[in-house]
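The data below hold one chain only, encoded as structure tokens and taken in the form predicted on its own.
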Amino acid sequence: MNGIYGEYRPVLENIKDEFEKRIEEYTQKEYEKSGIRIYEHLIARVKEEESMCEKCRRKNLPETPESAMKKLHDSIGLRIVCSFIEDIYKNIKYIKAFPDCKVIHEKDYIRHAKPNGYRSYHMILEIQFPCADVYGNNPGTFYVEIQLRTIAMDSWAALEHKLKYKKNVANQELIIAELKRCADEMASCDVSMQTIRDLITETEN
């Protein structure tokens, strides 16, 4: 067996590709209806084997396909980055309508930001896919983690992530406070941009 995913690595890649295709399809459908492309860019990945192994060790789980694909739920991850807040919720509505998927966990950090200013919408989907899973079920049950953000939220999160893993950073308390201030200002800008687009749309109608 090669790596923590073993024989299931191609299955995970197929599910990832299928989700990318679905998202592009409903995005095209929405564009044809409204003239608006409801995401700017999409990042999809199967979690790197070593990263998954490290997470298993951190969670005190055996480094097995069962841990990677049943105990943990982020072997497949997608990040959908949108221009406007409203577009995030449009994407969520389409995703929740997928017939073979069930939302088993979701957290709205846009309406309820983390104390440090982090904003994003998180979903864990349980998906039925026509391939055997580690328990031998066919169709099998697999999991997909989805994060949805505006461009501003994504830029902030990328910077915060880099700083989080820097060691011996001077003025850490000041940096944390500045990051929180920037997050709040960027959130205010997101709301303003949404308002401007709404006003333009009303004028066009």
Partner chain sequence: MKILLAEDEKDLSRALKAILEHSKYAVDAVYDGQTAVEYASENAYDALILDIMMPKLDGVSALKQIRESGNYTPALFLTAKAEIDDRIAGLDAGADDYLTKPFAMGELLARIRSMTRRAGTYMVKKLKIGSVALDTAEQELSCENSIRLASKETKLMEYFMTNVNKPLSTNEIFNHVWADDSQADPKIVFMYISFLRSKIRAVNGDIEISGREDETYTLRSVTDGDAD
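Numbering follows the first chain given and starts at 1. All of these numbers come straight from a predicted model, not from anything done at the bench.
The protein also exists as the form predicted in complex with its partner chain; that form is not presented, and the subsequent description refers to it.
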- Message: Is residue 12 part of the interface with its partner chain in the predicted complex - any heavy atom within 4.5 Å?
- Response: no
- Query: Using 4.5 Å between non-hydrogen atoms, is residue 47 touching its partner chain in the predicted complex?
  - Reply: no
- Decide whether residue 93 counts as a contact residue for its partner chain in the predicted complex under a heavy atom distance cut-off of 4.5 Å. no
- Message: Test of understanding: in the predicted complex, would residue 185 fall inside 4.5 Å of its partner chain by heavy atoms?
- Response: yes
- Partner contact check in the predicted complex: of 123-131, 108-116, 95-103, 76-84, the stretch with a heavy atom within 4.5 Å of its partner chain is 108-116
- So which bits of 174-202 sit within 4.5 Å of its partner chain in the predicted complex, heavy atoms only? 180, 181, 184, 185, 187, 188, 191, 192, 195, 196, 199
